[in-house]
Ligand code: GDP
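As structure tokens, one chain now follows by itself in the form predicted on its own.
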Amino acid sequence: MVKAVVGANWGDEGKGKITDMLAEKADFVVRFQGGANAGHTIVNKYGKFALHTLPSGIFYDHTTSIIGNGVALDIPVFCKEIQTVVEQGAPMPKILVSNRAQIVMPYHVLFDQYEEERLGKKSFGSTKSGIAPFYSDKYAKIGFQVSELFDDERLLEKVESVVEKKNVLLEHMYHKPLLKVDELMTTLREYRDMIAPYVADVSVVLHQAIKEDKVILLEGQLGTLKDPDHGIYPMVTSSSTLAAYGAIGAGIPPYEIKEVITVCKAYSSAVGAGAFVSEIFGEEADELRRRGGDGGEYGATTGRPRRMGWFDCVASKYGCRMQGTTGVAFTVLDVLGYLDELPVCVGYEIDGEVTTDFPVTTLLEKAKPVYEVLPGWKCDIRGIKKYEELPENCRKYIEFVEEQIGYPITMISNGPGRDDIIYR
């Protein structure tokens, strides 16, 4: 049984908590795309963790965590993260890394920084983790697969060829120090020794797990609106954030994905630039940001204050549709208890016409939000375990959103802890 946990919006919807929770009954948890620019915050009996590369299921001793072939693998970050988790008192996780995963090279991080610097005000708001240069190289066929680290002769040949290309850019476009073949080879040999204990043919492992009817969770990074094909291009990430890509990024057949749990926040937030129709500003945004998430709405990877907004039914309906949602996990609902009333974006006005279908970026940038205002519930809902026990206005808010997006809300998260969850 394969289930995917993915985001409906701009990322930061609370997928880490939902994956961590579902991992309790899973045998494998697989990261299938993205890299160390992810930030999943987990709160459990060992403490609070901000994970970047590791799957959110690493805290269970019965699960095997997998870094799939679709991931941008930053080896030093990955190894450091395992070390940090163990030092904080959690058990050593069982982890396998796909031999087909590609490596974030030291120069990818540099090129990411140099390009953002060069673009200045026109920059993409990158996390500067090397992700865009990594995926550019992957598709230009000059990336390095983990398996290549174990063939020194071939590796040297490829490094020489790539360095030649990169140095032209470094010298003439960025005016930065050049790469040296011998230094890079030394680094890659260190990487090989660091990653060697974890490397496996992951698709074979997962194929066997499917045959044995094991529970496999696919963990996505970011959300629909950051997908390079279906998101707010070009202000997107560089790998597909959709559940469908989980089959490719993990190496399993697409028809094996039986459930798609799409995580939706009870309000909106975004890190990075790009169109955001229901965005709010000033004191209104500051208060929501301060109260939001667990300890405020700041990026788990960057620490940047997130942009805030009201719930966007247009974006969320689209996000759920593109993911192939079977059930919605509605998160951080407890945060909204301070409000007298709750604006909900139910449509976009573009050139005088109102639409409920999410448009392409050029039209999106002209869109103005159309709001419906619902009454607030004005109390703390943390600790409630049964849906019927939620305040009436809180239930009305959930049911209104559910009707607008057209997908069933099956889980409601009303606090940061693993057990702060209501099943419907």
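All residue numbers refer to positions in the sequence shown, first residue = 1. Note that the structure is predicted; figures quoted are calculated from it, not measured.
Unshown form predicted in complex with this ligand; subsequent notes refer to it.
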Fill in: Output flag, 31, 52 and 249 jointly within 4.5 Å of this ligand in the predicted bound form, heavy atom basis
no
Discussion item. Quick check on residue 315: any heavy atom within 4.5 Å of this ligand in the predicted bound form?
Written reply: no
Item to complete: Spell out, yes or no, whether the shortest heavy atom distance between residue 306 and this ligand in the predicted bound form is within 4.5 Å.
Response: yes
Worksheet entry | Interface membership of residue 20, this ligand in the predicted bound form, 4.5 Å heavy atom rule | no
Worksheet item: residue 39 near this ligand in the predicted bound form, any heavy atom under 4.5 Å?
Response: yes
Response to the item:
Residue within 4.5 Å of this ligand in the predicted bound form by heavy atom, from 162, 344, 335, 236, is 335
Worksheet item: Among 374, 363, 370, 43, which has at least one heavy atom within 4.5 Å of this ligand in the predicted bound form?
Response: 43
Fill in: Stretch in contact, per heavy atom within 4.5 angstroms of this ligand in the predicted bound form, of 141 to 149, 272 to 280, 324 to 332, 97 to 105
324 to 332
Practice prompt. Just give me the residues of 3 to 25, first to last, that have a heavy atom within 4.5 Å of this ligand in the predicted bound form.
Written response: 12, 13, 14, 15, 16, 17
